[in-house]
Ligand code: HAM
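The chain below stands alone and is given as structure tokens, in the form predicted alone.
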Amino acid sequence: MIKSLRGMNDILSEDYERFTYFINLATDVAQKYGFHFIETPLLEETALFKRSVGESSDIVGKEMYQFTDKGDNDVCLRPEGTAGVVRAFVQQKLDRAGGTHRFFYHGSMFRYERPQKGRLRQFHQFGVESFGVASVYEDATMIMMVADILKACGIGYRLQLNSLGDQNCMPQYRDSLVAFIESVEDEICEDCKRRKATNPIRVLDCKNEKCQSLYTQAPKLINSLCEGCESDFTKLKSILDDNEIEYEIDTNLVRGLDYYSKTAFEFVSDNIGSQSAIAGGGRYDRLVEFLDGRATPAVGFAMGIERLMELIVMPEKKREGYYIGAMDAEAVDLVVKLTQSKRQSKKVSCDFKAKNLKNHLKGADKVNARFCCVIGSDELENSTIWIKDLQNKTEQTIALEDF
């Protein structure tokens, strides 16, 4: 028997209801904030992610589904959403058009990593990207949008904040961090030794417990911010305070991708085990430029949908629509005709097999229909249909033309 690949799961029945409920809810929130849908390809040039996500990241170094296609092109399945949106932004010359451009997206992402609860090799993200607004108010807007989505889902969270500085304050901090790493280099893991040469700040994101205990003594970027970054971070905290959004400062929060600068944030849950991040994002003002576009300020976030699935509080399921069935074989053709007519305006389920009333009532209950509608020999003879309202527990027989 052929099975699905490891870490690539089917989405069926109840999971699908939760999945589409979240997509519809998040879409509604994003549209209320003035964002518009964008769809980017699943397959992109590998160079896109090497230049944006960064070769020092685990995604590029270890996790991409990368291959050479039949045209001898180096391509990969997208491991995250932001780079593709930025590529589209530049390709469509929106960077030269000026103004503000706000997009949201949702879809599959692919990373070859060890599958575990809430973390799959094919997973789904809902994300938002904003271009053209340098103000820290836009950073706050991103955070408030995530908070609104999680609140609508009934999901509790803790918000963690940090500032990653910019090209004015990062170089000096980088030098001091490298000096610290070298002082403990004999005790850190091989990944951290590699990151020291490529992107030292990424060592703070190491999941190795021994490394993490060492980095508690590392210099903190938040203590080395330039005046502009310090002012922005102070203002961001003030905006969140004014809008009653609680947060905590995490000086080791760097996010997993190389393109972030200034604001970085994560929403975490204490209800999904060690993989606690359920949404995260921040500012990436230089990424458009890295991908050959005009320098454009940008900020965004992404949410891992699989991480959220079991946390979503679903609304009470209401009965809706019709179930139509035949009690005699002679009535099946009429049932099919009625079903097709009724489907023009209502949700309708139909059973093509003649059954007794008890089994039809079970069938209607299974699909959560409000009305169970049945035609037997008596109804066929009298051009009527028997209907039971399964919500109000009432029943009646009416003329077919009235139905």
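So that there is no doubt, residue numbering starts at 1 and follows the sequence shown. Given the structure is predicted, the values throughout are model-derived calculations rather than measurements.
In what follows, reference is made to the form predicted in complex with histidyl-adenosine monophosphate (HAM), a form of this protein that is not presented.
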Among 109 to 117, 289 to 297, 167 to 175, 320 to 328, the stretch whose residues bring a heavy atom within 4.5 Å of histidyl-adenosine monophosphate (HAM) in the predicted complex is 109 to 117
Only hit among Phe233, Phe103, Tyr259, Phe89 for heavy atom within 4.5 Å of histidyl-adenosine monophosphate (HAM) in the predicted complex is Tyr259
Answer key: of Val203, Ile143, Ala279, Leu221, within 4.5 Å of histidyl-adenosine monophosphate (HAM) in the predicted complex (heavy atoms) is Ala279
According to a 4.5 angstroms non-hydrogen atom cut-off, is Glu80 in contact with histidyl-adenosine monophosphate (HAM) in the predicted complex? yes
task = Determine whether any heavy atom of Phe301 comes within 4.5 Å of a heavy atom of histidyl-adenosine monophosphate (HAM) in the predicted complex, and answer yes or no.
result = yes
Looking at the partner-bound form in the predicted complex, is Gln125 within 4.5 Å of histidyl-adenosine monophosphate (HAM) by any heavy atom?
-> yes
Exercise for review: Tell me, yes or no, whether Arg307 is in contact with histidyl-adenosine monophosphate (HAM) in the predicted complex, where a contact means a heavy atom of each within 4.5 Å.
Suggested key: yes
For the three residues Glu129, Arg255 and Tyr284, verify that every one has a non-hydrogen atom within 4.5 Å of histidyl-adenosine monophosphate (HAM) in the predicted complex; reply yes or no.
-> yes
